[in-house]
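Here you get one chain, nothing else, as C-alpha cells; it is the form predicted alone.
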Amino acid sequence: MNKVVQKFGGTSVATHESRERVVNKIIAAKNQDEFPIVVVSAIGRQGSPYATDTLIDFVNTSAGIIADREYDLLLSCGEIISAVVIATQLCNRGYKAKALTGGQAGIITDGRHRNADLLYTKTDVIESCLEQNIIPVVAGFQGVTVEGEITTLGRGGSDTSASILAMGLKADRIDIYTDVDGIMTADPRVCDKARIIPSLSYNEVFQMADSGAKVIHPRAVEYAMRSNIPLVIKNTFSDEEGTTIVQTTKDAASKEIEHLITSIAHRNDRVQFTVQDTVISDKNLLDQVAKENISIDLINIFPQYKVFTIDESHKLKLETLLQKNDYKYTLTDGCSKVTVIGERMTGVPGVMARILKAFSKSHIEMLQTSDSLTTIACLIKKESLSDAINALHDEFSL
C-alpha cells in the first residue's frame, strides 16, 4: 500500500462541517488502499478560540511578552487540539486513530526556538501505528529537541512537518489540503484570467515563493525534493485534482512557445534607489547596506552608479545610511516587481522581447529588469500592476 501524508491547514479544521470533510478525505484514502499519515494545523485563524494568533494575543494581553521557550510551548497547543479532535472523529466513525505531538511522531530538532531546524526523524511510532492499522494524526508545526524541549518550525511549519515525515517514512505522495483548488498562474485578485496550473517543478515553486506568490513554504518543498516525493496542492472543500509538484515538468524535446511561462508572481511595496558611486570610503556601499540588515532585491551595477530595489519598510533606514555617508541618490517609490517564471524558457530567445511588446501595448513603463535561467523580473509602477499581469497572461497564453 502507498503511504500518503495528508496535511490539513487551519481553514480545513476550522468548523465542525470542515472537519467532517477532512475526515471524509482521510477515509477516502484509506478506502483506496492507501496508508494515510495525517498532519493538522491549529483550528482556524486569528479570532478563532484555539488559533495560534489567538493564543499569543491572550498571553500577551494577560501576562506580557512571552519568552522563546514558553512561546513554543504555547504555540504547540493549537495543533495538539486539532490532532485530538480529528483522531476522535475518526474513532467515532469506526477507524482506529491516534493523536501524536510532533515529538511523539519523531520530529527531532535543534534547540532554536520559534524556528527550529530538523536534526533527524524517528519514525518507529508511526510505523508501529501503520502495522496496527491505526491512522496517526500528527500535530504539525512542532518538534522536540533531544533533551525533550518542545520547538516550533517557523512560518509554514505544518507544511514542513508533512514533508519531514514523508521524507522519513519514504512516503509515495504528500497531499497538502487548503481552501484553494491549487496553485494559480497569477494572483486572481489582480488577474481575473488566472487559472489552476496542473503541474509545476520544485524549482518553479521555489521561484514563485521567492517572487512573492502565496504558495507552499520553500522548506516544505526542499524536504520533498530531497526524496523526490510528489507534492499535491488540493482543496479540502472540492474534488478538484489540484496542482502536482514534481522534479521537473520540462519536456526536453519540446519547447513550445505557448508553454514557455508557467506563472506570474509579484511583490508590492518596492522602492528603487539609484546611487552614485563617487564616495571615497573604506567600506563598499553594498557591505554597509548588508550590515544594516537591508535586503536588496533587483540590482544592476554600472561603473558610476548602482540601481537596486528594497522593501518599503527599509526606506528610511537606507536613506539615513546614504545621507550619513554623503552618497548622492534618487529614489522611486510606489513600485511593484512582476516576475515571469518557467523552466521551458531557458535558452529560448525572444522572451524579453515579448515582455517588452506586451508592456508597450498596454502603455506600461519598465523601470528595471533582472533575469535568471528560469525567471525574468520587471519593476513597474504599482498602479500598472493589474494591467501588467493581465498583459503578460495574454501574451504567453496562460
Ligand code: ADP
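Note that residue numbering begins at 1 and tracks the sequence as displayed. Here the rigid core means the biggest group of C-alpha atoms that line up within 1.5 Å when the two forms are laid on top of each other. Worth saying up front: this structure is predicted, and the values here are computed from it rather than measured.
One more form of this protein exists, namely the form predicted in complex with the named molecule; it is left out here, but the text below deals with it.
Residue in contact with the named molecule in the model of the complex (any heavy atom within 4.5 Å), chosen from F141, F308, Y223, Y177: Y177. Checked against the named molecule in the model of the complex, the residues P198, G111, G154, P188 give one hit for a heavy atom within 4.5 Å, which is P188.
Although the partner is absent from this view, R69 stays clear of the named molecule in the model of the complex, with no non-hydrogen atom inside 4.5 angstroms. Proximity of R45 to the named molecule in the model of the complex falls within the 4.5 Å heavy atom cutoff.
Interface membership of K214, defined by any non-hydrogen atom within 4.5 Å of the named molecule in the model of the complex, is confirmed. Although the partner is absent here, G106 lies well away from the named molecule in the model of the complex, with no heavy atom inside 4.5 Å. In plain terms, the part of the chain that comes close to the named molecule in the model of the complex, with a heavy atom within 4.5 Å, is 180 to 188 out of 288 to 296, 180 to 188, 73 to 81, 319 to 327. Looking at 2 to 21, the residues that come within 4.5 Å of the named molecule in the model of the complex, counting any heavy atom, are K7, G9, G10, T11. When the rigid core is held fixed, the Cα atom of I341 travels 2 angstroms or more between this form and the one not shown. S201: CA moves less than 2 Å between this form and the one not shown after rigid-core fitting. In the core-superposed comparison between this form and the one not shown, the C-alpha atom of A265 has shifted by at least 2 angstroms.
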